[in-house]
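One chain comes next, on its own, written out as structure tokens in the form predicted on its own.
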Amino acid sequence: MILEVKNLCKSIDNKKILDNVTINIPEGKIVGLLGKNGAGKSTLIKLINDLLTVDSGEILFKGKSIGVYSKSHISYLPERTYLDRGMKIKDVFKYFEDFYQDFNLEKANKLLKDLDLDKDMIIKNMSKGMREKLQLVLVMSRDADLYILDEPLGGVDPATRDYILDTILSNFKEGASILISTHLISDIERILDEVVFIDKGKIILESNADSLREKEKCSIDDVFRRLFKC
């Protein structure tokens, strides 16, 4: 397993956000972390990326506790834009190239062109969808072992979603894994190998995607709607 989350608990402002969460991410798989808004997905992802402190439990990346080592091998796309709005795209690329040894500038420039962005664009002049595309370019241009994408399709129009999914599929390092957090199940289920359903801070279902479809005789989106009565 590339990532092991064991009996993880987290409370914020005396409210339990995650309750005894245990999941495993295999090597070379695309795993969907699926749940409604407020289910605990983003909190779990922040804990994996060492941005919040664990109350109890353990997170291991390649058998080691998360920290400096895991951050150098995990490429993380947060739910919200974090970039300096005054910078040009080419300046952001330079920053990433200096900061991350595994940042592939050639790939970044190709993805930028594929997604119809220009390196001289200033971030504050870009639309929300453009900024999310840029963040995706930055994340997928690292030759990481694990890519963690928090709601990567949230701010883009439906016509662009398939293109972004294809961009993800064709640009992550061979043998690497991807963890995608989303509530847009129908848009993303075609690329998933494994699924993890989370509700009110608890894991309620963990399965191989094809096995689940075969067992339930329906799509993963239909299973989701049934479980959460959407």
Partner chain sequence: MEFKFDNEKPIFIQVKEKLRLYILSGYLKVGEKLPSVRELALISKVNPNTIQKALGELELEKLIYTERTNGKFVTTNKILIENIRQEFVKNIVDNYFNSMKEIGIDKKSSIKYLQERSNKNDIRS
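Note that this is a predicted model, so its numbers are computed, not measured. Numbering follows the first chain given and starts at 1.
This next part talks about the form predicted together with its partner chain, which is not shown.
Candidate site formed by 15, 150 and 195: none of these residues places a non-hydrogen atom within 4.5 angstroms of its partner chain in the predicted complex. With a 4.5 Å cutoff on heavy atoms, residue 186 counts as touching its partner chain in the predicted complex. Contact check for residue 219: a non-hydrogen atom falls within 4.5 Å of its partner chain in the predicted complex. Not displayed here, its partner chain is approached by residue 171 to within 4.5 Å at the level of heavy atoms in the predicted complex. A residue is said to contact a partner when one of its heavy atoms sits within 4.5 Å of a partner heavy atom; residue 202 fails this definition for its partner chain in the predicted complex, lying far away. The partner is absent here; in the predicted complex, the one residue of 67, 38, 28, 57 having a heavy atom within 4.5 Å of its partner chain is 28. Of the residues in 196 to 211, only 210 comes within 4.5 Å of its partner chain in the predicted complex through at least one heavy atom.
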